[in-house]
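A single chain, nothing else alongside it, follows as structure tokens in the form predicted on its own.
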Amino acid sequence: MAVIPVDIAGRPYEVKVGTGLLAGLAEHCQGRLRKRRVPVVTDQSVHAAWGGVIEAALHGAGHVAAWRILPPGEATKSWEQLSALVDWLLAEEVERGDHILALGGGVIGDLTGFAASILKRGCHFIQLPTTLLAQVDSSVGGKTAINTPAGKNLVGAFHQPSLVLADLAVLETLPRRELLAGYAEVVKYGLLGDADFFQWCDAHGAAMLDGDGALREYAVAHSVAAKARIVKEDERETLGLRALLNLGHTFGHALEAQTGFSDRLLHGEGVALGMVLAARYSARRGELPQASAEHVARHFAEVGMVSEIRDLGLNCDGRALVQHMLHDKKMDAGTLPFVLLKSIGEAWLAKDVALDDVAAFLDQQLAG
């Protein structure tokens, strides 16, 4: 088991990465589960696969799970589900010193974390991420949010978990498409600041995706450690450093919005396409060799991911995608910063991007 500290000032916590952590849940949460009833928020698919493991782990330590089982999918990150979840937690008489368990992917983690941040002005929660994407990205760092009709993650709060248990066993039951979507966030850490890790992905990514346990532990632990270093320095994204973690997200969120935040395009798939677009746009500006940009696209294609937006069959033009970007939460005084690349392994924050040029670039990419 790997243990990665996240040294947030005044609120440090650990991320544990290993196999069998959910079965040993009560032991890892020792001292945090104060009552017999433990609130667990999850979705229907995860409950069907892992609910029994959680029940047994809690029962063995004298606890019982109080379940809040939600529909799977991005639509669950809504005002309606947030309101209903808060009402349920109040009915469960959750106190500030209690811990709510978030068992699921990024949707469940984001929704539960946001509910915990506002319940009684702040309660504790524990992340039990069940997707690769959540294990390497959304469960770490304290960003919580819901979606609104105006855009993705526009209403939320910074609220750090008390503990993250990334059980690699859950990856064995994860659909291939979900695994690939999470892999996009693994690759991101190489592209934004670690060329050697991108080379590792080139050499070992396919075997990791195919099930090599040691490679999976390394990929998750290395990614978490990379994010922990950035979050420690810039927890609330005020210095520009944490903004680099948004590599691919400005383009990707626009694609997600255009596809209705639906299963037509998973978040990680949008991020992968967004990183391809960010690389190619960097090349368009003369800041990244074109060969490097195509290397990024080729890497995703070789592991079986869509790497061209023309293959999505979108019924829109570049201007429509740019319109989605205008709702991006990173807008600052009418300017939208873009995370671009100077090389594989070196990202930077560009604040001089003309959106008309982005629209023209996207028209070219849509046309192929």
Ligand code: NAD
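In case it trips you up, residue 1 is the first one in the sequence shown, and so on. Not measured: the values here are computed from a predicted model.
The following text describes the form predicted in complex with the named molecule, which does not appear among the structures shown.
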{"property": "In the model of the complex, Pro175 touching the named molecule (heavy atom, 4.5 Å)", "result": "yes"}
{"property": "In the model of the complex, Thr130 touching the named molecule (heavy atom, 4.5 Å)", "result": "yes"}
{"property": "The named molecule contact in the model of the complex: Ser307, any heavy atom under 4.5 Å", "result": "no"}
{"property": "Contact test in the model of the complex: Leu321 vs the named molecule, heavy atoms, 4.5 Å", "result": "no"}
{"property": "Sole residue of Cys29, Val46, Leu340, Ala66 within 4.5 Å of the named molecule in the model of the complex, by heavy atom", "result": "Val46"}
{"property": "Proximity to the named molecule in the model of the complex, single hit among Arg280, His222, His99, Lys152 (heavy atom within 4.5 Å)", "result": "Lys152"}
{"property": "Contact segment among 102-110, 195-203, 116-124, 290-298, judged by heavy atoms lying within 4.5 Å of the named molecule in the model of the complex", "result": "102-110"}
{"property": "Every residue of Leu191, Lys232 and Glu346 near the named molecule in the model of the complex, heavy atom within 4.5 Å", "result": "no"}
{"property": "Residues in 220-257 with any heavy atom within 4.5 Å of the named molecule in the model of the complex", "result": "Lys227"}
